[in-house]
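The chain below stands alone and is given in structure tokens; this is the form predicted alone.
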């Protein structure tokens, strides 16, 4: 039945819809339209159709950067989130010192990304870095190397310094876990279920919705990754750690706004498709996940 108060509802939503159109729909449309042009950001636009996209997909550096973005997204979703969920489950049982541990794990999330990147640059330093010194100290000096200057180790090194900062998602999952009634676990314990069985058959199913939500956010963060890689390697060596954000930043610096917006459009499309697929795979036929939609 048609709502008789539709005019009042529309009037109520008008400010939000206006802001949504002005600050999201219009900029998004502008990015897609200008991606079809050759434009330096100042002069007139020259319509060139799909040439920017064709040139990008013909560029080996772009394809490598796109692969790295997808890799970042998958690692954040399927390694970062399970680690955060596992730690949240442990802390939810309130072991000795759990509040202090929670604070320590969350602490990196309140520190600037620049500061963290500089710290890891010092750790990975080929001559004076803590990592190489530690390897030499335990008799594994043959493993010491220039971690950020080697095309084989640079990308894993940058990923490692990000994937272990699980504090933000751990807190989100922990908050949901603390909302599960203890009666479920008490009943399961009476029936003879051990801790692992309780987590597998009670905690995970009841946290499915929030896990899907955090995985979606992690995928989004992975697809838009930029800061730490730019600060630590600037996409090197030999573009091995390059991501789309770095290519976009360079094109904007070179006043290639048409190509930069084409990269942004591809990033939006691939990110949206990847997130939609993951959510579909985990959300289908699951009523508990509907709340996360």
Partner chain sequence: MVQKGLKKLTAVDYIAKIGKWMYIIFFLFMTFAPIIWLVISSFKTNFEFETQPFSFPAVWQFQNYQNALQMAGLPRLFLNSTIIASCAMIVNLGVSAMGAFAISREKFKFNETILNIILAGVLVPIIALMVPYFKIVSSLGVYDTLIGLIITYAAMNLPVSVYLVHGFMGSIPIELEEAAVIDGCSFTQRFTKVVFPLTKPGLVTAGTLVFIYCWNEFTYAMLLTSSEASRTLQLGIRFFRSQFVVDYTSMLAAIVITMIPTIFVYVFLHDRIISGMTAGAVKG
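Under this definition, the rigid core comprises the largest set of C-alpha atoms superposing within 1.5 Å between the forms. Numbering follows the first chain given and starts at 1. Keep in mind that what you see is a predicted model, and the values were worked out from it rather than measured.
What comes next is about the form predicted together with its partner chain, which is not displayed.
Engineer: Work out which of the listed stretches, 83-91, 70-78, 200-208, 150-158, brings a heavy atom within 4.5 angstroms of its partner chain in the predicted bound form.
Structural biologist: Among the candidates, contact is made by 83-91.
Engineer: Kindly confirm or deny that 62, 143 and 254 each have some heavy atom within 4.5 angstroms of its partner chain in the predicted bound form.
Structural biologist: Not a single residue of the candidate spot has a heavy atom within 4.5 Å of its partner chain in the predicted bound form.
Engineer: Can residue 235 be called a contact residue for its partner chain in the predicted bound form at 4.5 Å between heavy atoms?
Structural biologist: Taking the distances in the predicted bound form, the answer for residue 235 is no, it never comes within 4.5 Å of its partner chain.
Engineer: Please determine whether residue 57 contacts its partner chain in the predicted bound form, using a 4.5 Å cut-off between heavy atoms.
Structural biologist: Residue 57: no, not in contact with its partner chain in the predicted bound form.
Engineer: Can you check whether residue 51 is within 4.5 Å of its partner chain in the predicted bound form, heavy atom basis?
Structural biologist: No, no contact at 4.5 Å.
Engineer: Residue-level question: is residue 37 within 4.5 Å of its partner chain in the predicted bound form, judged on heavy atoms?
Structural biologist: No, residue 37 is distant from the partner.
Engineer: For the stretch 163-184, I need every residue with any heavy atom inside 4.5 Å of its partner chain in the predicted bound form, listed N to C.
Structural biologist: Going through 163-184 in order - heavy atoms within 4.5 Å of its partner chain in the predicted bound form - the hits are 164, 165, 166, 168, 171, 172, 175.
Engineer: Quick one: core overlaid, is residue 47 moving 2 Å or more at the Cα between this form and the one not shown?
Structural biologist: No, shifts by less than 2 Å.
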